[in-house]
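Just one chain is shown here, as structure tokens, and it is the form predicted alone.
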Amino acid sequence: MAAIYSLYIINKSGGLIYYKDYGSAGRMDTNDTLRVASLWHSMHAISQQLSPVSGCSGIELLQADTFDLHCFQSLTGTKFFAVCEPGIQQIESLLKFVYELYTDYVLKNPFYEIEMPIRCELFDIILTQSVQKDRVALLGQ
């Protein structure tokens, strides 16, 4: 069973710019992935406003019986979130690494337009390799 089910990248306005499925049991179609991304963006924004603590950056972890949803928001407002097995602890560091890959392979690509869907083959290859490598490390804990 995979430690990481899926990975999403949402731009600052709430649009889904990247989605990758890593073997989740129920594969979603394109409309479902767009709904999940939109719902998460909305919940994240509402949680920032409803928080009793000033300076709240939003939901970082959503725990359910069968999955955990971890979120990392960059300073530019781009959100990286992963749906994974419950109880995995090192997902935050993986999401920060995904952000590094995003800045190195996507934002530095002269053909990429900011806030648009990511269509960078090298980013996809290196991200898949990293997730596969981390999947082995995460399951070994």
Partner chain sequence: MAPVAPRSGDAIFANIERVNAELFTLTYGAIVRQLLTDLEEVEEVNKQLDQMGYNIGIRLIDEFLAKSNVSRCVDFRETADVIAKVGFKMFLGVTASVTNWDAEGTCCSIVLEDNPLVDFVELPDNYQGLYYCNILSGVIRGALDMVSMKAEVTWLRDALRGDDVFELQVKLLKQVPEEYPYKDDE
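This one's a predicted model, so the numbers in the text were calculated from it and none came from an experiment. Positions refer to the first chain, counted from 1.
There is also a form predicted in complex with its partner chain; it is not shown, and the following applies to it.
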Quick check on this chain: which one of Ser51, Gln63, Thr103, Thr30 has a heavy atom within 4.5 Å of its partner chain in the model of the complex?
Thr103
Do Phe67 and its partner chain share at least one heavy atom pair within 4.5 Å in the model of the complex?
no
Leu39 within 4.5 Å of its partner chain in the model of the complex, heavy atoms
no
Taking heavy atoms and a 4.5 Å cut-off, does Lys12 contact its partner chain in the model of the complex?
yes
Does its partner chain get within 4.5 angstroms of any non-hydrogen atom of Lys96 in the model of the complex?
yes
Contacts with its partner chain in the model of the complex, stretch 75-91 (heavy atom within 4.5 Å):
Leu75, Thr76, Lys79
